[in-house]
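Listed next as structure tokens is one chain, alone, in the form predicted alone.
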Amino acid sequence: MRRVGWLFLAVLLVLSMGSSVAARDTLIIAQGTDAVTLDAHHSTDSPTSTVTEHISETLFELTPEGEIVPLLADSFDVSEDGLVWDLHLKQGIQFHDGTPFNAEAVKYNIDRILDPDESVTFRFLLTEIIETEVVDEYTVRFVTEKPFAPILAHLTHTSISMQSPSAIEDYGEDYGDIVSIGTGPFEFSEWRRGSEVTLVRNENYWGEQPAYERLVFQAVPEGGARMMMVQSGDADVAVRVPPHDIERLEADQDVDIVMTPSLRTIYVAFNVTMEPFTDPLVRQAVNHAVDKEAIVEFILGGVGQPVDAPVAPDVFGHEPIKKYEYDPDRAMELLAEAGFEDGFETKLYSPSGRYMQDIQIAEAIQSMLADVNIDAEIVTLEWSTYLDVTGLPQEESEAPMLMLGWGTVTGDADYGLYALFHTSEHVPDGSNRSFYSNERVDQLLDEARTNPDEDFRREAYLEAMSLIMEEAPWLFLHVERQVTAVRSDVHGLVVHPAERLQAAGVTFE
């Protein structure tokens, strides 16, 4: 199989399975936010995808080491001109409701994702496919108008998971709210919104069955509360350990601290259509006004690094472009040049509990902006509401600055750049919440995804990222490092660099 041009340093919590497994039937994972939907096609955030990937599976998967390997697919062939892809599927697999998994099911899922009326946010991952054909029961064909360089990487994305066509048809608009049916190692059981999602073991799973019966994801926004749960045993796993808790938890013999690289970039998007952020000088000024090194050192406890490009270093296509050095005097000069020598008032939207120390980082940004006479009021909302409000179309948007993170989970810069900076991806149809638009950037991103030559793609991404960094549609912050607390008797959990927890292989000792 093809390997992408980078290597993840993923962490497996155990290298071998114990010979004796304690009689535990439930694994509890404390996440910072609840799932937003259980319809995998409409999942747009990692906590949701962590839940749905245990229910529904993709045709290919990206291993923690960065290798693209078949999952529900068995193998593939591609034509010499790169326009026809034949995927040969694993046989004998059924969805949880008994619907056969076959080429017809794959075609149904791909057609649904590509249907404009379905409004799938990550539709762009497959838009180069102009036709999906059923060749035979277990062979499906994708036809593209041009070569589609990242197609296999895109087919690893959790939003391209295979879900039961029968269930989607039967439940209609309720699918994803009251039911979710895939081929995965766990079946959906219950969703108590705002509290927890419960999955149960798929007794007819086609692969290796989980060693325990129930998998529970609990929504616990406050970091300290998550840590208390994992220390007391009320949870087996807790995500995003606050930096000030790391040393204390490392001293607890019942808890292991696992640090894992991440593909996630944290940023504050400017609405570049809203005054005063229509002016790139103002956006550059804000970048100089915020001390990213101090944020990483004092708020993240050194668990991260300031960004030097719009995508993380382990992503194919990354090149170090530039850093906006902390320089309040330069910020003041740029503000004066833009006609805001007396500063201005604005609003800074921030989640709470979604990213590591997110609200604390927002407060630090607020303080630093005050030093250059920018008065930023912090607005925070429950996570699903936050996504809705910051995803409104341009004419309805009220968020001038909004903190978000983006994990380039395919490992390819196409996903990290096209989704966030291409003109066609403005919200609500895509994920470009800054409403950034640059014809040359669009051209470069279009060319890079339809040219299989890696050197060409790197050069195109280099130029595109240089333009983006200069025009500054974001306040560029940092790349996260994942810190996870795990009970010491839990083995086999995978903390994936794509910021997902993979729990099907967990055992207890």
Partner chain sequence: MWERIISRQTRDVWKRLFRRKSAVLGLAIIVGFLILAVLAPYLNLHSHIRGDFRMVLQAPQAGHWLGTDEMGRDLLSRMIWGSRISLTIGVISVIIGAAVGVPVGAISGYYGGKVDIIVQRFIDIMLAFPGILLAIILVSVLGVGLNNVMIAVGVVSIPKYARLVRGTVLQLKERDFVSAAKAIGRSDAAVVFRHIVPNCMGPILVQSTLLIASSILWAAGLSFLGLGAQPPTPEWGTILSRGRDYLMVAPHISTFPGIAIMLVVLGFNLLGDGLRDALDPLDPRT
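What you see is a predicted model, and the numbers here were worked out from it, not measured in a lab. Positions refer to the first chain, counted from 1. Between two forms, the rigid core is defined as the largest C-alpha subset superposing within 1.5 Å.
Another form, the form predicted together with its partner chain, is not on view; read the next lines as being about it.
**Q** With the partner left out of view, is residue 434 within 4.5 angstroms of its partner chain in the model of the complex by any non-hydrogen atom?
**A** Residue 434: no contact with its partner chain in the model of the complex.
**Q** Does its partner chain come within 4.5 Å of any heavy atom of residue 381 in the model of the complex?
**A** Yes, residue 381 lies within 4.5 Å of its partner chain in the model of the complex.
**Q** Using a 4.5 Å heavy atom cut-off, state whether residue 222 contacts its partner chain in the model of the complex.
**A** Residue 222: yes, in contact with its partner chain in the model of the complex.
**Q** Closest heavy atom of residue 187 to its partner chain in the model of the complex, within 4.5 Å or not?
**A** Output for residue 187 is no: heavy atoms all beyond 4.5 Å of its partner chain.
**Q** Choose one stretch from 148-156, 207-215, 354-362, 303-311: the one whose residues place a heavy atom within 4.5 angstroms of its partner chain in the model of the complex.
**A** Checking each option against the 4.5 Å cut-off leaves 354-362.
**Q** Just to be sure I understand the contacts: of 134, 83, 228, 258, which is the one whose heavy atoms reach within 4.5 angstroms of its partner chain in the model of the complex?
**A** In short, 228.
**Q** Just give me the single entry in 336, 143, 281, 294 that has a non-hydrogen atom within 4.5 angstroms of its partner chain in the model of the complex.
**A** For this set of options, the contacting one is 294.
**Q** For a quick check, can you give me the residues of 465-500 that have a heavy atom within 4.5 Å of its partner chain in the model of the complex?
**A** Residues within 4.5 Å: none in this stretch.
**Q** Any chance the CA of residue 347 moves 2 angstroms or more between this form and the one not shown, core superposed?
**A** Superposed on the core, residue 347 moves its C-alpha 2 Å or more between this form and the one not shown.
**Q** Examine residue 386 after superposing the rigid core and state whether its CA is displaced by 2 Å or more between this form and the one not shown.
**A** Yes, because once the rigid core is superposed, the C-alpha of residue 386 moves 2 Å or more between this form and the one not shown.
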